[in-house]
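Single chain ahead, written as structure tokens, the form predicted on its own.
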């Protein structure tokens, strides 16, 4: 397969590869060993993170040998390609390690610097989320007769919002994030912490939460889930007009986005915390 394909073709390949990786991971769910740590002793990599990424790389390059791949575990490979794949082979590693269900395989395809296709496969939740640029966001689950088009909750004021978030691994970052969430909690309906950014973004897209914010996310955390959220009607960005990224990622329907954005700015949620980004 050569040249630059359409978004639907890329999404089809991503879905097939993510399904195979999810099956591999599910076969060892809760029965793995830690092979290394990254930013802190609690930021772990299991043998299955590495095995799943290796599988994903092999399958993508077998189908499209000239493409570039950015993976959480293996970094960037390939240069000058028209298509770059952005891969988180196991988003929610700690959940996976403990046998909790909130983890996923996240694969996105980027063309000319723009994400055009994304798939998040959450096998223990029996759901696959997909999106193509301009083609909407969709969920296929065991309990759905056919794929269901997603739309995020709209018209929800901040005081009534169920807000998802996550926390970093460095103690200095957690301290600041704890202060922010403590100030936020009295001003919203409640807080949810699932432990997988990709799952949180899909929960936003499907209306299971009203908003999501987190500091410290990387391209592989955001690429597929961010497209799914946007195609479901959410605004996805950072603070003060910046794009979503390591400093801050925020997603919600436009009106709620503005309210939560202003509150996070007033709380200096992106202030220096000694952890780096």
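Residue numbers count along the first chain shown, from 1. Fair warning: this is a prediction, and the values are worked out from it, not measured in the lab.
What follows is about the form predicted together with D-MYO-inositol-1-phosphate (IPD), which we do not show.
In the predicted complex, D-MYO-inositol-1-phosphate (IPD) sits within 4.5 Å of a heavy atom belonging to residue 92. Among residues of the shown chain, residue 217 is one whose heavy atoms approach D-MYO-inositol-1-phosphate (IPD) to within 4.5 Å in the predicted complex. Interface membership of residue 193, defined by any non-hydrogen atom within 4.5 Å of D-MYO-inositol-1-phosphate (IPD) in the predicted complex, is confirmed. Residue 123 falls outside the set of residues with a heavy atom inside 4.5 Å of D-MYO-inositol-1-phosphate (IPD) in the predicted complex. Just one of 67, 210, 221, 231 comes within 4.5 Å of D-MYO-inositol-1-phosphate (IPD) in the predicted complex, counting any heavy atom, and that one is 221. Residues of just one listed stretch (163-171, 109-117, 146-154, 133-141) have heavy atoms within 4.5 Å of D-MYO-inositol-1-phosphate (IPD) in the predicted complex: 163-171.
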